[in-house]
Structures are given as C-alpha cells and as structure tokens.
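Only one chain is given next, in structure tokens, and it is the form predicted alone.
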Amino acid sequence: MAAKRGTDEMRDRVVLGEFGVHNVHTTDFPGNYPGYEDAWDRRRFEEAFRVDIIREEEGALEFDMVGIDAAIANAFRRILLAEVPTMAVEKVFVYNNTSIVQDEILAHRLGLIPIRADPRLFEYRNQGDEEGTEIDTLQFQLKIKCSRNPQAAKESSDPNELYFNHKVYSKHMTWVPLGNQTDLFPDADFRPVHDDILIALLRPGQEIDVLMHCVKGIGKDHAKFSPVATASYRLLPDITLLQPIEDEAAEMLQKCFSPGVIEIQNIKGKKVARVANARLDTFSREVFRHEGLKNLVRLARVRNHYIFSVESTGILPPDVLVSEAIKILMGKCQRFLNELDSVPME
C-alpha cells in the first residue's frame, strides 16, 4: 500500500522540498508503471478533461484547465502570446515633427499603442505591398500644434494653464477611412484602446503631423502585435498537514503562507490550524525556515491542473482571445494530421 501511495504521488504531484523540487518530469507514459494503464485513450481523456472559469472581468480571465500535459498547456500559452493576431501601427509617415522626440522614437511609441480594432475583420497585407487597401489597412492621423494661452495669468508657471495642446495623447489619433471603409464598417469605432497614453510634450510653435498605417500581424513577428499583457499558468497548489498543529505553532504556520491559505479554528479550547484555500498560496516555502514546522507540512502541486491567467491589452476581450487561441491550436493539429496523411506508407 505504501509503495502504491508513493507511486501515485510520483505520478500526480510535483513535490516542493526544502532544497529542491521533486517529481518534476512526467513519467506516466505507457509501460512505465506495472498495473497502470497509461496508453492514451480518447474516451478517458474526454472524461477527465475540463475547463472551469474561475474569474472573469473586463480585461482579465482566470480559468482552470484540468487533465492535460504541460506541453499542451505551454503551447496554448505561447499561442496566446505570439500567434493570435491584432492590428498595430506598422508604418508612420512623418510630414512634420518639430517636437523634441526624434522621428524614430515617435514611430516606436505609436507602434506600441494598442488599437481597438477587431483583426478578424481584416486580411494580412501581402508581403511587398507598399500601399494599403481597405481590407488590410487602417489609417490614422495625428495632427496637433501647441500654442500659448493668451488668457493665462502672467505669474503662472503651470504648463496646463500657459499652453494649449502641450500634451499629445493617444486620444488625438483619429481614424481616416481608406477606400470604402466607411461603407464596410458603418458602425466602426476604430481608435486607441486607451485615450490617456502620453506620446509627447510640446511647447508653443512645435507641432506633430503624421499619418499611420495599421496592419494585421502576430506577436511572433513583433511584440506590438501581442494581444495580451500577460498570459501565464501555474500548477494548482496542494498543501497537506501531516499531523495536527495547535496553538502558537498554528499561528506561526498561518504567517508562513499567503493570506487566506491557513485558517485557525477553535476546537475544544485549542487553536487548530487547517488548510482553508491552498489555491491562494504562492509557495514561498517560508515554512521550511522553521525547524518545528518544516516536517509537519507537505507542499506539492497537482501535475495536471493548470491555473491560467490571461490579461488582455484591451483590443479583444480575454474570452475571445482564448477562443481564438483554441482555433489556432486546432488548426495546427489539423495541418499536422494532413502532413501525416500525405506521407506515403511503405
């Protein structure tokens, strides 16, 4: 029984020790463990696999993906980062720039401003095409000039009072329809995701006049096309108290973990520690610094339970990004199957 329990732990848990992490590698491949059926089975996979939505906000999504291997989880993360397309500024035509910001720096800043435009409405621009069309390009203009405020008090030193248009924000970028885009997108509201991104500071007489072309691209080509601010996963924490921990030791144990992980109950006049919500822990392993506690707790992570956190840049909602990533992963799988089918069998 003890041997089976040890085998189950090796297969299902990644154990955190005082000086290292154990059972890191996946070992449940066919034939590795006598008495275990580890050959891949579609029906068994479908029964075990699930996705649970934990938290959904305007720009963030947290969900659990259970019953998959680390390779699939990481592929999904990488697709979110680098292969879900967005629209971003690719070319900047500078007609006039007398600000202190050099043309190259200005173009770089403009390129990193997220644009609220659904990339599914557009096509990729053909390589070598210099002129954009209504189906592959969005055009924005930024034209602004700083001037003095004649009504400002003479003793004032506040730029907000002394000057007009001395701060150039992303809200000053305006969409200029190309071709028949007005008819193609009658209800469109193409604009930067955030209106308050500071682009440059101006002084009287200085001006910026640029035209921008936004194209469809992926984060693999340039980070400005990445649709997420962050996309990460972690394994579900699993904390086990090996024996009852009471009174002062219970209070000390509670301080070793993130808030909400350990709670203290009053049982028959004694303070007794219990694991309330292991999910909240970040596993600092602080408990291993205390001689009286380090042998009373087992820290582990569930090997096939992934907690995903997806934070959108605002171009598309995070649930849409996840759906698009799934479609891309399915497309990759289908292409691989097609390649297998095209290989002649001997």
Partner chain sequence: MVMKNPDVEFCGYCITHPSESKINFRIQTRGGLPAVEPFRKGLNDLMGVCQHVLNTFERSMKEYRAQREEEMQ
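Here the structure is a predicted model, which means the values were calculated and not measured. Note that the rigid core is defined as the largest set of C-alphas that superpose within 1.5 Å between two forms. Positions refer to the first chain, counted from 1.
Below: the form predicted in complex with the partner chain, not depicted.
- Residues with any non-hydrogen atom within 4.5 angstroms of the partner chain in the predicted bound form fall in just one of 141-149, 68-76, 197-205, 267-275: 68-76.
- For the candidate spot formed by D28, R42 and E56, every residue has a non-hydrogen atom within 4.5 angstroms of the partner chain in the predicted bound form.
- Contact annotation for L293: none of its heavy atoms lies within 4.5 Å of the partner chain in the predicted bound form.
- At a distance threshold of 4.5 angstroms between non-hydrogen atoms, V302 is out of contact with the partner chain in the predicted bound form.
- Remark: L16 does not count among the residues lining the partner chain in the predicted bound form, judged by a heavy atom distance of 4.5 Å or less.
- With a 4.5 Å cutoff on heavy atoms, D319 counts as touching the partner chain in the predicted bound form.
- Residues are counted as partner-facing when one of their heavy atoms sits within 4.5 Å of the partner chain in the predicted bound form; in 316-338 these are D319, V322, S323, I326, K327, L329, M330, C333, Q334, F336, L337, in sequence order.
- Residue displacement note: V24 has its CA displaced by under 2 Å between this form and the one not shown (rigid core superposed).
- When the rigid core is held fixed, the Cα atom of N338 travels 2 angstroms or more between this form and the one not shown.
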